[in-house]
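Below sits a lone chain in C-alpha cells, taken as the form predicted on its own.
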Amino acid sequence: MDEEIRLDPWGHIAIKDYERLQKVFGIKPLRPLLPRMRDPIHLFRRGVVFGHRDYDKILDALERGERVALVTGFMPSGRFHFGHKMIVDQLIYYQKLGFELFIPLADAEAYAVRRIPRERVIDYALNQYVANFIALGLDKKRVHIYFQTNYDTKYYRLIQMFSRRITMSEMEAIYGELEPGKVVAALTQAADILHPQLDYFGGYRYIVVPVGADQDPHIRLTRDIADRATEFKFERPASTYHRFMTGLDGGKMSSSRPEFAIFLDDPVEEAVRKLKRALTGGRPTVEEQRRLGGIPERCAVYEFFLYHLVPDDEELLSIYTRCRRGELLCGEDKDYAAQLLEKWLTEHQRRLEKARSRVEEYVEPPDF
C-alpha cells in the first residue's frame, strides 16, 4: 500500500484522503489531544490541524514547565497566499504560549530545486514572507528568522555531518527519484529542525514542527537522523500536520497557480473577483440545491470561512447547516464571503505596507 501513496514535498498535488494517509504513514489523529491543549485556536478545534507524531510529548513538556521550541520553514518561491497565512496563525498561537520560534527561509532550496533567480528569492522572502509575518502579528520576542544561506557555521556543520547518517537508497525510499539539489535540501531541512537542540542555539530538547502533510518525508528523514547521530544525543522532533488550503478550482492552493490562489497583496477588488469565481459545493440548479442541499466539504468558499474568515464556531456551524439544508444558496454565500474578505484584506494591506519597512528588524538578508 505504501507504493500507492507517495508524498512529494516539492510537488503541487492536492491530498484528498487524509484518513488513508494517516494509516499508511502512521500519523496519529490530533483530536484526542485537544483537551490537553491550552486555548486551541480554530485550526485545531476544526480539524484543519488533523494529525501528529509525538505531540503528546510536547504537551508533557509544557505541563512540566520545560522549555519548548518550534521550527517551521517557508520556501520563498512565490507570493504569500492564504495557505501560508494559516501556518503563521499557528506560529502566533505558539508564540503566545511561550514557545521559542525558529523560522528558516529556504532560499537555498528555492534556488536549487525550484530554480528561481537568487535576487527574486530574496525579494520574495523579505517583502512577501517576512513582511506578512509582521503584518499578521508575529512579535520579535522569542523568534529567530534566518536565511538558509546566511546563518551560523555550526548549522552548516550539521548538514555535512548528517550526510554520513543516511544512504541514497534510504533517501530514495522516502522521496523517490532524487537530484543533487533535493538531497542537499533534505539534509538542510534536517539541520533546520534539529539545530535548536545544540547548546549554542539554546539547547531546546523538545521541538515541534508544524507542516503540511506533504512535508512528512522531511520529518521521517529527520527523525531517523536524530536516532543515528548519537554523538549529539538528539531527541526526535515532534510534528503536527495540517490540511492543504484548497485552490479556487478545487486543486492545491499554490503560488505557481496564481489564478486559483488569493494572495495577501492582491488588489482587494481582484481578490473578491477571484473568490466569486471559486468552485463551490452547489448543485447544478437552484431547485436541486433547495431540495438536496449543498456540499460544503467540496466548497472552496466554505473553506475560506473555515480557515480564515469566520472566527466564531457557532456562526460557522450555522453556515454549514444552512448550506446542507439548501437554505443558503451559493450566490448569497459568495457575497457574504466577499464582504468579509474585502474588510479583512483592506485592513491587512494597511499593516503590510508599514511592515515592509521593518523586515530587517526581524532578519538579516544575505549579501549576495
Ligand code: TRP
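Treat the numbers as computed from the prediction; the structure is a model and nothing was measured. The first residue of the shown sequence is 1; numbering continues from there.
If you look for the form predicted in complex with tryptophan, you will not find it shown, but the lines that follow are about it.
Trainee: From the list H242, H81, H195, H218, which entry has a heavy atom within 4.5 Å of tryptophan in the predicted complex?
Mentor: Going through each option in turn, the one that passes is H218.
Trainee: Quick check on this chain: which one of V71, A278, A261, A226 has a heavy atom within 4.5 Å of tryptophan in the predicted complex?
Mentor: For this set of options, the contacting one is V71.
Trainee: How about P104 - does it come within 4.5 Å of tryptophan in the predicted complex, if we only consider non-hydrogen atoms?
Mentor: Yes - in the predicted complex, heavy atoms of P104 and tryptophan come within 4.5 Å of each other.
Trainee: Within a 4.5 Å heavy atom cut-off, is V88 in contact with tryptophan in the predicted complex?
Mentor: Close contact is absent here: in the predicted complex, V88 is far from tryptophan, nothing within 4.5 Å, heavy atoms only.
Trainee: Would you check, heavy atoms only and a 4.5 Å threshold, whether V209 touches tryptophan in the predicted complex?
Mentor: Yes, V209 lies within 4.5 Å of tryptophan in the predicted complex.
Trainee: Quick one: is A125 in contact with tryptophan in the predicted complex, heavy atoms, 4.5 Å cut-off?
Mentor: Judged by the heavy-atom cut-off of 4.5 Å, A125 is well away from tryptophan in the predicted complex.
Trainee: For the interface check, one of 266-274, 71-79, 93-101, 287-295 should have non-hydrogen atoms within 4.5 Å of tryptophan in the predicted complex; which one?
Mentor: Contact-bearing stretch, as computed: 71-79.
Trainee: Of 126-164, which residues get within 4.5 Å of tryptophan in the predicted complex if you count heavy atoms?
Mentor: Residue within 4.5 Å: Q148, and no other.
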